[in-house]
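Taking the form predicted on its own, here's one chain by itself in structure tokens.
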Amino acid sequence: MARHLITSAIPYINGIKHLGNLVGSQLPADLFARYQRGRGNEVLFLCATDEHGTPAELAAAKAGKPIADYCTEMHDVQAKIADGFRLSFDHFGRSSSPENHALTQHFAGVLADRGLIREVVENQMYSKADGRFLPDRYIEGTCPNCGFESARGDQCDNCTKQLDPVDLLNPHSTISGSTDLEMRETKHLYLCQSQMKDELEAWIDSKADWPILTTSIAKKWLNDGDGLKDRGITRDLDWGIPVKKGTEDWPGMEGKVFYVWFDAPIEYIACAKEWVDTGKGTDWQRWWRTDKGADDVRYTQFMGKDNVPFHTLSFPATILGSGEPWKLVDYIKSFNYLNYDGGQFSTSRGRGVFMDQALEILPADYWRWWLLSHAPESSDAEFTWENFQQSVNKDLADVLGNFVSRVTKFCRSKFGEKVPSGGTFGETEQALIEELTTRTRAYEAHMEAMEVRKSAQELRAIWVAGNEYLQNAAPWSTFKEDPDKAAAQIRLALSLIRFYAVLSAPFIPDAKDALLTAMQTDNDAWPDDVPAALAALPPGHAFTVPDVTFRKITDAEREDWQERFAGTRD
């Protein structure tokens, strides 16, 4: 039994995330976790809310709530929505947890002892109108590299170039919009990433199987301009993890907190300790410490391309720089952007369909299927209502749902609500079994490789194969001449429903539960032996005709939703 540690990029606490966020990290991570569990492997799937920094402060102020209360409330909201999308986290933690406070301070102390943290007196952007130093992400302007007009002070989302606020053209505060900014002196801690360049480069070069998107972004940051730069890990903020050297105070750093990019990835590890401390699991170190058994763990991270630099360089610099036996990531699955109906999804600008709104419209499986089957892997993808309607109606309703309905209703009318006996499989049935065996092995290969779109395409082809068999075998016609032969055909088709439920579970888990319930079985064993799996429901086994598995989206609904979500979210 293999062991898989899986993490999704942790979402910011400041509001509900949109569908682009979902498909860029949490949803494909859940797909992989469900698949590996389905294969009988041991999985620890972790995620959390990213609760520190100015985004949380501003959101709490806007909501008129103390920041700690706001974060607690929004963590619960995000956890509930994640459950609504059937995201199967073993633990959904919080970066503000005591566990993350202690571990972040521990790493800072160890890195300092190893000479990898230095104090820097620097000038930072200060907004007179806001009466505060501005974190990099709350300064926007024009990117000097590509001309993108909404580049942030730390990075341009358009070209991914690492920036400093002083690099921006026409900078302004995103809090107040003020351009009355000036540089003021302050002292901060810097992680000496430059000292780690050769070690990081060698580590990245050893990951020959990483996606091109991941490696290209990492290499760009590693070698762009002057190469990998030291980076500040503290900020002049009230909300965050207080700067300490382990458990000791850090002279000169009073009143400062660790920068969110430093503490947020450490939460992946702290989250596992939370998992244990909340009574959900045992022995978190066997997942994260190679001296405690984690050397046989396969660690996979899922994230959007904007998160790649911190996960390929800064977080590994923290881990490697500590000199301690922590588990490093084995594979980073990164995604491009999902755009929305001719523009961009945007949390900060409230554009697009957000996760809570999506669940108000349709159940999770509809969204899961479309998002995963259109995952932005090799390039950016675009959500359109026309494509969503077409995919749901054709793939889910016409192919899978129609198969289930036709088979169960026909059997009920001719043989009753039980698997019919009589007849044997002929050449047509054997050919189908052989095709499904080949396709199942291909599906598994795509899933193991985390090729999300190819996995969806192969799964759909497996559904189509059953429909084509049903159409060609035509048991409704066969029954008139040879009832026993029709019984064998329907017996195979009923077993196909269970077979489809199991294979489809990573994509559409609610449908899997509904179909197994209809087939009155809890046998969700993976079809390692396809012929045996297609004989899993013996003659006489009872079943019920399920409700409509997937309904079609009407033109009127599509037009209504298109109009409803044409603007921005308040």
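Because the structure is a prediction, the values reported are computed rather than measured. Residue numbers here begin at 1 and follow the sequence given.
A second form of this protein, the form predicted in complex with the RNA, is not displayed here; the remarks below concern that form.
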- Could you tell me which stretch in 67 to 75, 277 to 285, 470 to 478, 117 to 125 has residues with non-hydrogen atoms within 4.5 Å of the RNA in the predicted complex? 470 to 478
- Message: By the heavy atom within 4.5 Å rule, which residue out of W221, W369, Y138, F262 makes contact with the RNA in the predicted complex?
- Response: W221
- Query: Pick from F133, W210, Y337, F148: which has a non-hydrogen atom within 4.5 Å of the RNA in the predicted complex?
  - Reply: Y337
- Considering only heavy atoms, tell me if S88 and the RNA come within 4.5 Å of each other in the predicted complex. no
- Message: So, T549 and the RNA: in the predicted complex, are they within 4.5 Å at any heavy atom pair?
- Response: yes
- Consider G401 of the chain shown here, and say whether it contacts the RNA in the predicted complex, taking contact as heavy atoms within 4.5 Å. yes
- Query: Taking heavy atoms and a 4.5 Å cut-off, does S421 contact the RNA in the predicted complex?
  - Reply: no
- Message: Taking the RNA in the predicted complex, would T142, K292 and K333 all count as contacting it (heavy atom within 4.5 Å)?
- Response: no
- Does any residue in 365 to 379 get within 4.5 Å of the RNA in the predicted complex, counting heavy atoms only, and if so which ones? H374, S378, S379
